[in-house]
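One chain comes next, on its own, written out as structure tokens in the form predicted on its own.
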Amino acid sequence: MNFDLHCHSNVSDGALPPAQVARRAARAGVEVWALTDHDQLGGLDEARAAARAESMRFVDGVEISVTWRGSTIHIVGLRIDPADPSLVAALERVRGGRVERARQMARDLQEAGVAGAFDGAMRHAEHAEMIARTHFARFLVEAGVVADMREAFRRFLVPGKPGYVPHQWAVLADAVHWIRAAGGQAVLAHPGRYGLSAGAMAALLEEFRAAGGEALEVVTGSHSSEQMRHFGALATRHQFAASRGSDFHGPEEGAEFGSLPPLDPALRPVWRDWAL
């Protein structure tokens, strides 16, 4: 079956409402689909209903922002209970501080010669409390400062560049605990994006496993073919299951549904024991 277990709607930093994301996934041939908005569960009801209308099987998900050794990493939770009170409360805490961080990002961009960034980014945020770097990237494209989203991040929104403001997110062990307590499985999202050394990655995987993490996202939109092979090998070596997801955010903003290769059949898929 065609699984896509990582994508976003405009409830967090995606460009489209959950129902439109569902239709786009279905049109691309996705059969089992998860919505995994950042630190947010508010789009799941709409997504679930839309998936049912498209005859897709739906997986309740979330992507939790974590600070680990000074780096931001993301943990996807799959098959969570979105009504779990502890998870709901924890995500509300994690979301706190996004607006003030956005104001500082805008001040930094102003000093770099880019005016109006706060209001411009907010126009792209469906929910103000979920303001994120992606919304600033869309503003920079809209304002003609950069040609595309990739350039926006490269020039302005990554460590060492104007517009990047670090934020203290959740603790890794806490994020995994919240997911597991809500009945879900914890997946380390797009590990190739973090730029970690081999030693740091080994330490992250060890800590993730000790906390109860179960899978690595091997096939994802930001991974090259070489990275997919590399992280597939790491999943096998460290006895993790493997997951697959486009990390779709919007049209022409990275990977599209239906554009990814399947998991290597030698890997153990995260969905192996699911009753579908």
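Residue numbers run from 1 along the displayed sequence. What you see is a predicted model, and the numbers here were worked out from it, not measured in a lab.
Here the subject shifts to the form predicted in complex with adenosine monophosphate (AMP), a form of this protein not shown in this document.
Enquirer: Residue 75 near adenosine monophosphate (AMP) in the predicted bound form, any heavy atom under 4.5 Å?
Expert: It does not: once adenosine monophosphate (AMP) is placed as it appears in the predicted bound form, residue 75 has no heavy atom within 4.5 Å of it.
Enquirer: Test of understanding: in the predicted bound form, would residue 140 fall inside 4.5 Å of adenosine monophosphate (AMP) by heavy atoms?
Expert: Because no heavy atom of residue 140 falls inside 4.5 Å of adenosine monophosphate (AMP) in the predicted bound form, the answer is no.
Enquirer: Taking 4.5 angstroms as the cut-off for heavy atoms, does residue 185 touch adenosine monophosphate (AMP) in the predicted bound form?
Expert: Answer no; every heavy atom of residue 185 is more than 4.5 Å from adenosine monophosphate (AMP) in the predicted bound form.
Enquirer: Does residue 249 reach adenosine monophosphate (AMP) in the predicted bound form, with heavy atoms at most 4.5 Å apart?
Expert: It does: once adenosine monophosphate (AMP) is placed as it appears in the predicted bound form, residue 249 has a heavy atom within 4.5 Å of it.
Enquirer: Just one of 80, 172, 132, 205 has a heavy atom within 4.5 Å of adenosine monophosphate (AMP) in the predicted bound form. Which one?
Expert: Looking at 80, 172, 132, 205 one by one, just 132 meets the 4.5 Å heavy-atom criterion.
Enquirer: So adenosine monophosphate (AMP) isn't shown here. In the predicted bound form, which residue out of 155, 177, 124, 98 has a non-hydrogen atom within 4.5 Å of it?
Expert: After the contact test, the surviving option is 98.
Enquirer: Heavy atoms within 4.5 Å of adenosine monophosphate (AMP) in the predicted bound form: which of the stretches 132-140, 109-117, 196-204, 87-95 has them?
Expert: Contact criterion met by 132-140 only.
Enquirer: Taking adenosine monophosphate (AMP) in the predicted bound form, which residues along 1-23 bring a heavy atom to within 4.5 Å of it?
Expert: Stretch hits: a single one, 13.
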